[in-house]
Structures are given as structure tokens and as C-alpha cells.
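One chain follows as C-alpha cells, the form predicted on its own.
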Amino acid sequence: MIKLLLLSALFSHAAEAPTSLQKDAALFQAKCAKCHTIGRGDRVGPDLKGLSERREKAWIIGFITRTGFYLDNDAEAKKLLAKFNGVRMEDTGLSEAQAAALLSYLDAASKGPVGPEEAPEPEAEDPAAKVRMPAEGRGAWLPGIAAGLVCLALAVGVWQLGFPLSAAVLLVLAAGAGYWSLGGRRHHRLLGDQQGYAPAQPIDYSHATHAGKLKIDCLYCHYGAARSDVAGVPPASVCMGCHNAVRKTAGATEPSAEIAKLVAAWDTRLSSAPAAIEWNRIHDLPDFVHFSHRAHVANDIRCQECHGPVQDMARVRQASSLSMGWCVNCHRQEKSVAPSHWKRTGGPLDCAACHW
């Protein structure tokens, strides 16, 4: 009986052992997914879909196993480096066998699902068209402007009828409506609402430059957003992946003072008292709220839908109210019709989804 139980446990364990394809997929996630996609376009590096059709296998394996050598000496690798803003790929530390296994996974993933049940792909569509930007109160509010004009017209009429006190009240209402409707409303919030909060940071980092001008994907720096509940602040090593080479701002003749702060902190990393960059937190939910970045990224909720147009922000601000009502209204949205990669569905509305 004991032998039978042991054999049963052994076979059960064997059945649960990951396949070689699963291992290769995990290797891709660990080594490549931060900078590359398979069929979803260029990110920090090129899209890897159909890679073996564009490059010779020996070249690919050589590049994966000896990245630094290729970037310094191979003409094709240098072209790629120039195309992707001079951001060098880190050495992977993989063997030729691991690189070959990784390439096999890329080939399999590039082909996608096969079989008679496969549905035809819908027409291509720009995912950015699906983004719903937060209402920050920065534009003109037409109903309020209309109400202000009505109050102004009434004030003139009441004044002519000989009621100056009533006319003054209407003028105050018209002025208040104009102030509120032309942007003043963004300066007034309920208690606990930090919408618009934009603190100074220890390093004057510009998302407008990195995410906007250079088009660095959000998930390159905030890679934790795709893998865990917390997006996290990028470690200095991510910054130095580029700034080991880039030490000046575009068009400058002298080294950047802000980059110098980063480098100074980085140079102390091996000392007995390494310096920390104390970034000021902007988006902060109450402790009783559970929010998963991973679940939202997996459903292709774009970063801008919660964080606003970060690609235009020289200093990041809290674009959304992050209130319960704001979140629930998003979850109430109907399922979207979108490209095949889009997985968006209506979000859960039960309390336990966010309050554990």
C-alpha cells in the first residue's frame, strides 16, 4: 500500500513538471520580456516575432551569448544599437544551448495557435484610440461657462430694473462659474483627494523626455507592473543601463547636472554607506485598498488611463482622483471590441475584488 502511494505521488509530480516549452517561456520572461515583445511591436528593443526569418540562426545565438562583443564589433548589431537610441542590451549570461532553446521558443510563439478552430484576426487598430484619459479639469467646462453667461445677462437685466443688490449677487455667481469652468476646479478637492499633486523630486526626471521624445516604454523602467501587484520605482541600475553612456542632455555641451546626481549615487553602491535616491511618492492608495498592476496590465489597460498623459509630463502629477467611484465607473464600462491582443473586459464589481 505504501509503495502504491509513493508511486502515485511520483507520477503526480512528474505530470506537474514543466515542459521544455514552459521552461523556455520562463527564460524569455526572465531575460527578454522587459525590453522585447513577440508580435506587439518594438519596445526598448525590436519586436522578436519571426526573428529567425530575418536573421541567421548562428548570428542570433552569437548575439545572445556574446552581446557586448557584437554591439562593439558587428555592423548589423551597431545598426540596431543606433536605431534604438543607443540603449545597450545587457549580457545575458546564457549558453549556446540556452540561446538555441530560447530561439526555438520564439519560433513557436511567432507562429501562434494553429488548427481549424483558430478565429481570423480582426483588422488592425491603434490601441491608443482605446485610451480613456482621466478628467483633470484642465479644459473649459462648457455647461459652467453657459451658466456663467446666463448669470451675467440676468445681472445686467436686474441692474436695469433697479435691483443692485440682486445684480451684485448674480455677478458674483457669474464670476464663480467662470473661474470654476475655466480651470479653477482643478485646485479644489475633497479631503483625501490628491488629484493634481506633483511634488518636486530629488532628481529632475522628465517623463516628457523619456516616455515622450525617446518613446521608452513604461514597462522598461516600471517592469514590476507586468509581473506583480506593485509597479515599483526603478532601481538605479535600470537608469544606468542607458546613462552609463548618456551623460548629457540633448544638445548640451556640458554633462547634465541631474544625470550627475544619479551617477554620484550609483558610484556609492559598493561602499559601506551607499547613497539612496529618495523619490517622493505621488500615487498612494489607502491601506485597505488592494490594487493589482499585473491584472490591469494583463488586460491591456494603458498606463495613461490611470496616470494621465505621462508622456507629456516634465514633472509627474496625480492625474486621476483615484477615488472608489472613479475606479468603479471604469469597471462598469462594457466589454470593448478591439484587436486580437486586447483582453479588456468589464472589471469586477464585488467588494472583495479590491477590499481583502
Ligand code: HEC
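On a predicted model such as this, the values are computed, not experimentally measured, just so you know. Note that the rigid core is defined as the largest set of C-alphas that superpose within 1.5 Å between two forms. Residue indices: 1-based, along the sequence shown.
Separately, the form predicted in complex with the ligand exists; it is not shown, and the next lines address it.
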Options 146 to 154, 199 to 207, 264 to 272, 162 to 170; stretch whose heavy atom lies within 4.5 Å of the ligand in the predicted complex: 199 to 207
Contact label in the predicted complex: S95 to the ligand, heavy atom within 4.5 Å: no
Distance check, P286 to the ligand in the predicted complex, heavy atom within 4.5 Å: yes
Proximity of Q311 to the ligand in the predicted complex, heavy atoms at 4.5 Å: yes
The ligand contact at S323 in the predicted complex, heavy atom, 4.5 Å: yes
Within 208 to 233, the residues that have a heavy atom no more than 4.5 Å from the ligand in the predicted complex: T209, H210, A211, K213, L214, I216, D217, C218, L219, Y220, C221, H222, A225, V230, A231, G232, V233
Rigid core fit then F291 CA moved by 2 Å or more between the shown form and the other one: no
Rigid core fit then I38 CA moved by 2 Å or more between the shown form and the other one: yes
S95 C-alpha shift between the shown form and the other one of 2 Å or more, rigid core reference: yes
Distance direction in the predicted complex for the C-alpha atoms of S292 and G45, relative to the displayed form (3 angstroms or more): farther
Cα-Cα shift for I216 and A30, closer or farther in the predicted complex, minimum 3 Å: closer
